[in-house]
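Take a look at this one chain, the form predicted alone, written out in structure tokens.
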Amino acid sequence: MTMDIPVLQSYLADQWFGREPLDVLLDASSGVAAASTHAEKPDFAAGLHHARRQGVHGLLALDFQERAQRLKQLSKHLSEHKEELYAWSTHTGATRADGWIDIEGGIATLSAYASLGSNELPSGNVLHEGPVVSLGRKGHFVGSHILVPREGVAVHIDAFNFPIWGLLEKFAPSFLAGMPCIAKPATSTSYLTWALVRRMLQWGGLPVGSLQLVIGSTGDLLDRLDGQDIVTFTGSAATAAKLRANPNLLSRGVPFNAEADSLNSAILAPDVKPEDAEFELFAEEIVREMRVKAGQKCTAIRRIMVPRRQLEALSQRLREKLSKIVVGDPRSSDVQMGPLASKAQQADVLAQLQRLRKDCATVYDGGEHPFAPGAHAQTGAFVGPTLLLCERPSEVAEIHDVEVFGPVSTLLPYDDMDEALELAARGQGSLVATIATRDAATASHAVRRAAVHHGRVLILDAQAAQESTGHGAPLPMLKHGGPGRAGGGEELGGLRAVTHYLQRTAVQGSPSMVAAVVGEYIRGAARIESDVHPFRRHFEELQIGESLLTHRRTVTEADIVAFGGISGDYFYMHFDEIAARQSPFGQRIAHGYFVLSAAAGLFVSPAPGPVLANYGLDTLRFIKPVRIGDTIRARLTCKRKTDRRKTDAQGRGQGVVTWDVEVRNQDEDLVASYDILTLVAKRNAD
């Protein structure tokens, strides 16, 4: 080979390898060679061994909080070097706006999972998933669930359309969960993933073996996995089905998570008229989904359900908007839509489009759409935006089976909302649907029906549109996946995505033993009674189970009257003797929030000390009423410590301490139960 292009290398067992070129990868716009894959065969046995030993060891030497901090630092590092990724991104046919979704969307996903880990995960590598359940009558035998990192490898197989976001949205939760990964990008755009992984490894903050890269075929990789490993896949439904059926994955019970391309829908509800804002928003949403990434999105709108009486108005609005899209080389600043990712993808789109044309009319012909000056129409992988119309959508099966993975959508007229929802369901499971409506009752009915067949539903109205991220934008905190044809998996979804890479196990034993396992105090477990008030101890000095039993306080009528005056709460149960006597309680009772306040007065240490602030209260329950004349006291126990690795403006370290609070009356009956969260200073700076 004489072309001066890079040979993309794989990274396995802590080594880059691959010098001999194999397949040439072309620039999507010009058809000029951009890079090539390598001919050398990967040693998957060595890569898996490396991940299961060094990778697992290195990741589990860190805890959830430390891995969250690494993600935050990696996000910052990639942000500082994103322009080199944008330069590679243009080869895929992506405009700057397309690249922003892929590159900065991927980096933002890292940051989102860093924040999630910092805010919601404990120190250590055991996540307690309560509640604790008493399994015996006397409280000596309890059970609960824990989630722990698997000691295997996550194999991430990505699609060609988002070479950066696709890797990072899988890497972030698996890394946070403590699971090393082997990333396998789609070959046609793998040069962009290769550039990303090189930059990630050059950063130097990833534990050895936590990230490996395969350029080219997966070979026998899946045949070498075992029950501790996981496979995640993004791509076509057909490929997902083929991979899922791998005999080794089936026999060893290897979890397989798929996010597959689907026939997503957008429904214009009958209540929306052409003069309404929602009508224009609906049209803009459709055109955007056709234009962005040239329609090469697993979430793109493929079928458009429109009331038959609004068909002509919407068709005209869409024709006007589609005709204004500037198609050409994405390196030109005025271009809004680039080519498809490859000539092979172009051929596939045109072939599938031809299948749909047999039963559909053409509303806007992409074959006649003009290209911007400088576009390489012959050598580039261009396809113009195309809008079809299927007049009899309930009678034509192919419109619900054939997906054209490009800038192609089809109008499907309907007569009532239930028919529209039935047409959407004909997609056999989709990632997302949009319902544009002005009517809350319509939204309630439609979403309940649509939710059965979709992983996400966007309700589009004028209010939401002010901030909406749109139909096709998965977000880290919400589920990304869908039933049926869409794969049945979940790639995102906040903490749900992290727990996918953790093993859930039930634990049974005495409260003390289970508390030791879960890393937090459980009622009934041994406590540490101390002469020093727990609020006088710094974060490092506090021990889980350290406890304080307070002095007593008798509740008086004066307390209730004073609290009512301060709070403005004159609810009859506190002040109306006759009404209270006729209630189930038989007499006046104290305010629940008075009980909380009184308990705080019992256990708080008022002098300045390590406890800096009380910033939260969880799991509050008022168990029994507190009557006038009852005597209460509180028990405060250090339940959980989370070192978030943060410092204040003076450089002093801080941690979060969760305290278990029990408030009991003179008969030792539990009257209130809750957790309070405090920010506690460390003695030494981090």
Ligand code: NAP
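Note that residue numbering begins at 1 and tracks the sequence as displayed. Here the structure is a predicted model, which is why all the values come from computation and not from measurement.
One more form of this protein exists, namely the form predicted together with this ligand; it is left out here, but the text below deals with it.
In terms of contact with this ligand in the predicted bound form, the residue from Gln352, Ser123, Thr550, Thr239 that brings a heavy atom within 4.5 Å is Thr239. Contact with this ligand in the predicted bound form, judged by any heavy atom within 4.5 Å, is made by just one of His400, His471, Lys184, His453: Lys184.
Among residues of the shown chain, Thr218 is one whose heavy atoms approach this ligand to within 4.5 Å in the predicted bound form. With a 4.5 Å cutoff on heavy atoms, Arg291 does not count as touching this ligand in the predicted bound form; it lies far away. Residue contact with this ligand in the predicted bound form: Asp98 places no heavy atom within 4.5 Å of it. A residue is said to contact a partner when one of its heavy atoms sits within 4.5 Å of a partner heavy atom; Asp329 fails this definition for this ligand in the predicted bound form, lying far away. Residues within 4.5 angstroms of this ligand in the predicted bound form, judged by any non-hydrogen atom, belong to 226-234 and to none of the other stretches in 226-234, 529-537, 201-209, 416-424. Contacts with this ligand in the predicted bound form, taken as any heavy atom within 4.5 Å, map within 295-320 to Cys298 alone.
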